[in-house]
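Single chain ahead, written as structure tokens, the form predicted on its own.
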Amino acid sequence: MSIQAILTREKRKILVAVNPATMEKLGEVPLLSRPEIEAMVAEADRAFPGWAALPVSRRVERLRRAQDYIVDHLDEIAETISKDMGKPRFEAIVHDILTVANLIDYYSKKGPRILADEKIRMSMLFRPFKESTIVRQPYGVVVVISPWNYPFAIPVSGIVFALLAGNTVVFKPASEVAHVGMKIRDIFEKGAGLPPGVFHLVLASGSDIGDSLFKPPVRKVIFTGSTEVGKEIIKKCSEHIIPTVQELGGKDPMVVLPDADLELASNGAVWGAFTNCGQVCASIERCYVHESIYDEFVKRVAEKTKALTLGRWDDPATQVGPMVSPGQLQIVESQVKDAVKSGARVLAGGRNREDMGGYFYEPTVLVDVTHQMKVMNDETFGPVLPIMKFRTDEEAVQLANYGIYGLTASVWGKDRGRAWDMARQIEAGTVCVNDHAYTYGAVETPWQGFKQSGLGVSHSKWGLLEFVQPKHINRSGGLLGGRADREVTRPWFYPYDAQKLSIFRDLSRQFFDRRKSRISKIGLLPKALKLFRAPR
């Protein structure tokens, strides 16, 4: 959906939107005011204790209902995604809906174990007398702010983890995909049947949001979007020490080694660069190819790119849809023109297809590019693939690590050891060998960025643990069990005396001397026990 206008009627802002492929008007969406948003946050805060008190198994039951609702309304959800964003129906189902269904199914089984209490194995110094446990405590109100490029998979992933962990959620989708946001609300309110106040949808302009989503009672913010906006959110949250998880921009490299399977690698380059019309934070935006295979690789990529079908979401033959908005289209046009002006050549595409009636831009392949061009530095977020040569593996790593971003990358080659060695050297949160970008759909694996591509983790057990605070509870126990509180003193308490000092000195000198045998150290335990005996 492209924002055609924001009107004001009877003191209420109204968003008017169109389908980016057909320019068909999709309807009008009323936007919330700041007092309404703050009231939602307050209601989510009131609902938190009740939701958090439910056993994880009860929360799983609600998420399973959401899963059933998604399956029952799959075509309806897919159509909404495609109309709002313009992406082909195939991508709406496979990239967005399938990812969410898999995530709910997987973490409904694995989540309770990940969130369970965890015993800490104490060192020998304290093991006889103390025991420690980590309990996973939800934060409270979690704000989920999502982009328009994957308007279903990205936000629902965060919402599911937040709810599973026991938090309440305030969800702010991108205005371009407001109708998808409303479908998500249906899934959790009608499908899951969440209690009142546990989930809220915020449709509002940035000026009306202000700082209402970045101050208490909000306890954590999950943001996916541009690095520039992410920095502003971090600043606002820092005023109240509110932690954030940020999945930000990317300028992701593909490295093609001389022994690569050229058919596989060229197919991967075309899909990795042009899936979702290139509007992917993890799309291939820089391609580095060894000089010995460069010409043949470029030839294959150009031919495959020219064969792609540009069209509407409802045509099963469509492989590439439109850009989401005229603003995004302008960024792509500007970068291509700047590159050509600086000496780059267009081997495929390179045209704005105004004749097709929407925001269409042909998938474009550029060669003779340099790192002095915007297309090799700035995030493009569109269907453009620039290709450069390299000579040595060391040069390839240096080129891949160029720039401020480090979200994903890929290495292509038949020698698994060589590809593995290079993957370890590339500065990115995920590096694939002989594939690219797909691992957001592998929900058991972590998704995170290096450098200015993000903070924290999405997906995987580490992503779920972003939604809880680890609380350490320590109590007397160990070998003495429940008797410890009655029968054991605390030798670190007052009073200090010469006997304590002597025993602690001997323990420090002998127990931690790596040169002494384990048996001799065990012999020190009777002496140490004297410190813990309560006076009779």
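One-based numbering along the sequence shown. This one's a predicted model, so the numbers in the text were calculated from it and none came from an experiment.
Absent from the display: the form predicted together with a small molecule. The rest refers to it.
Of the residues W412, F161, F214, F274, just one reaches the small molecule in the predicted complex with a heavy atom at 4.5 Å or closer; this is F214. The partner is absent here; in the predicted complex, the one residue of V156, L407, V301, V180 having a heavy atom within 4.5 Å of the small molecule is L407. Partner contacts here mean any heavy atom within 4.5 Å of the small molecule in the predicted complex, and among 373 to 381, 423 to 431, 124 to 132, 94 to 102 they occur only in 373 to 381. Taking the partner from the other structure, the small molecule in the predicted complex has a heavy atom within 4.5 Å of a heavy atom of E247.
Proximity of Y139 to the small molecule in the predicted complex falls outside the 4.5 Å heavy atom cutoff. Residue contact check for G166: none of its heavy atoms lie within 4.5 Å of the small molecule in the predicted complex. Contact check for I145: a non-hydrogen atom falls within 4.5 Å of the small molecule in the predicted complex. Using a 4.5 Å cut-off to the small molecule in the predicted complex, each of G225, E232 and W447 places a heavy atom inside that distance.
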